[in-house]
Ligand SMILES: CC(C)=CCC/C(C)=C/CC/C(C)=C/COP(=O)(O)OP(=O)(O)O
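What follows is a single chain, given as structure tokens, in the form predicted on its own.
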């Protein structure tokens, strides 16, 4: 009987907390709600050291925080969530640490495909963003499978940046733009000559839209808020192209410590700065 009472009390408490959170989000929704939140998941290893945990346990604790934060974002009505999960530079870490992260990533990707997962509960479409050929093959294949399995979901979008740096993304986009433009020039039969010689075809010039159409992040609008935990203010080569008009928020909490209060504070700061940010975005 005691066990049954505890179960009932636990459910009642959970329902009360969920109701209070929905009320809080209803109040926040009176103002502008960010369409896209991006997160740099900083502090997993420091969290493990702080609490004398195994290094891998910091990443596992960080994953639990990620699931909670994603749930809050989707309940609030945030359409796009981007996370900086693993940088290209992170491959320089100790091989055993890299292998642990790859194994954990594989485990969690496979968990995404389960019917009861958060991804399926909220109708989330998953994109893996970055130079995916650098991933260990089992992880890359699992990522491709997850993207295909969630391709019909359209309620929300989760962008997981792995084997990613912004400089790699920009170089890739520039290279692809040059290759496409050169192929178009080679196949063109409409070369016009003017009195002064060959007339320059404006279609031969690489435009901003050409570069952006080849960005890894072309599937999402620019972030409204970029959050980096652990009090760091560096962007660490993350979304350098896309964050020129984004609000930056750097809570001192390590990533596994991030919670609802941090999300609420980030949204309140965004709402306060929204008129200025909108004005900047509209400037030519």
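Here the structure is a predicted model, which means the values were calculated and not measured. Numbering follows the first chain given and starts at 1.
Below, we refer to the form predicted together with the ligand, which is not included among the displayed structures.
For this ligand-free form, the site is classified open because the ligand, superimposed from its arrangement in the predicted complex, keeps every atom beyond 2.4 Å of the backbone and C-beta atoms. Stretch-level contact analysis of 142-150, 210-218, 77-85, 168-176 against the ligand in the predicted complex, using heavy atoms and a 4.5 Å limit, identifies 77-85. Against the ligand in the predicted complex, the set 38, 125 and 130 makes no contact: no member has a heavy atom within 4.5 Å. Among residues of the shown chain, residue 109 is one whose heavy atoms approach the ligand to within 4.5 Å in the predicted complex. In the predicted complex, no heavy atom of residue 118 sits within 4.5 Å of the ligand.
Taking the partner from elsewhere, residue 249 is found to have every heavy atom lying beyond 4.5 Å of the ligand in the predicted complex.
Interface membership of residue 225, defined by any non-hydrogen atom within 4.5 Å of the ligand in the predicted complex, is ruled out. In the predicted complex, the ligand lies within 4.5 angstroms of at least one heavy atom of each of the following residues of 22-43: 41, 42, 43, in sequence order.
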